[in-house]
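So this first bit is one chain, no partners, the form predicted on its own, shown in structure tokens.
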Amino acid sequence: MKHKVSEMLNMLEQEHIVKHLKSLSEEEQLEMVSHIESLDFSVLNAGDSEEKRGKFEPLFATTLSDIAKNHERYTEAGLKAIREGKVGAVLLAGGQGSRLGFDHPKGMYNIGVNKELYIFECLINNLLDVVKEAGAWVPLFIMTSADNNKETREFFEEHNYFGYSSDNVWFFVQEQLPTVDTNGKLMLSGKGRIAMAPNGNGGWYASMAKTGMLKIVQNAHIEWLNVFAVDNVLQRIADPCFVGAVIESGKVSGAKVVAKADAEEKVGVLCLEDGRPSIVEYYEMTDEMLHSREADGTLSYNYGVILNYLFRVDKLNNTLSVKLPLHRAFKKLKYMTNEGEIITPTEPNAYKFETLALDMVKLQDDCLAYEVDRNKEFAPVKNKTGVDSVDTARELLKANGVEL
């Protein structure tokens, strides 16, 4: 077995790992071989070439005024689905708060000023609004990472789940992928261990399958999953009006979107690619796409995604056999040298490989673009200061009547 693994590593030009393996005791070697055999080495060929894109066309949204006209009907349809237990929510919370200068899970960050108000607490409060309106709990699945799972679980327990029903909350750990240095070489995180990193927010459904969460979804007869990111403190979750609008549309997925602030705003835009729903990043758009306008003057590619999607579970099941594209991200990753020294870099030094939730959208037959008011539903906490920061999120929370 050891010989086979060494042979494979040599073929993959990872001789330094073979050398490390040989330096271990017999027991440690067996453990490392078992660890290596569980890894996905397709990352060694990933992200080298640009993905070939298809033909883009605009995808127009159900606008704020359309929604206002049908608000009552959509909301009733959504509340009915929630009361019947057909809607679950998935919080993507695998990230750390390192960009905020906070060495803990991002959701544990205190965004309060005069009182404690954590990012997790903001999101749970938003979900509790729906629970009160529907008179029913929404099953909540929280995706953590290997690094932050224990701390996240303990934090929720310590704070009594911020008033949510712990019987309706499940934690599951996101899958990990090996990381490589700038020369494409695997790295060590410690003695006998290859350095790993979470596989990006696109892996959420596959991770749910691997951790047994889909059995819970199936047993509870959940038909829709609303997946959302941890770092938008104004995120409305299992929003009855959104749920109802998607159900009434007959489409198999929905995405909350905001109208772009201007043509040059750096956001991914929901569109059609070869006739299917897709997301085009701002840097992939031509000048013509960026500035093209419709007869009424609105931008043709006008609606930016905010990582709040609604998917039909039966259609998600079809995606489990599809391998999502891997995107390379240049990051600061801790590693162990050949001499056994643990290095914590101050600058990006290695590549991690990520699947993206937006690639799940491309696997759907259709998608309802559902416009929301960015001042009411979009307060991302990406940076400590400046754009999309703790400061801007606090201002938006205050503007929406949240006491800080």
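The first residue of the shown sequence is 1; numbering continues from there. None of these values were measured; they are calculated from a predicted model.
One more form of this protein, predicted together with a small molecule, exists but is not displayed; see below.
In the model of the complex, residue 128 stays away from the small molecule, with no heavy atom inside 4.5 Å. Contact check for residue 382: a heavy atom falls within 4.5 Å of the small molecule in the model of the complex. Residue 233 falls outside the set of residues with a heavy atom inside 4.5 Å of the small molecule in the model of the complex. Taking the partner from the other structure, the small molecule in the model of the complex has a heavy atom within 4.5 Å of a heavy atom of residue 174. Contact with the small molecule in the model of the complex, defined as any heavy atom within 4.5 Å, is confined among 70-78, 285-293, 96-104, 310-318 to 96-104.
Checked against the small molecule in the model of the complex, the residues 215, 221, 210, 331 give one hit for a heavy atom within 4.5 Å, which is 331. Proximity to the small molecule in the model of the complex, defined as a heavy atom within 4.5 Å, singles out one entry of 152, 199, 179, 226, which is 199.
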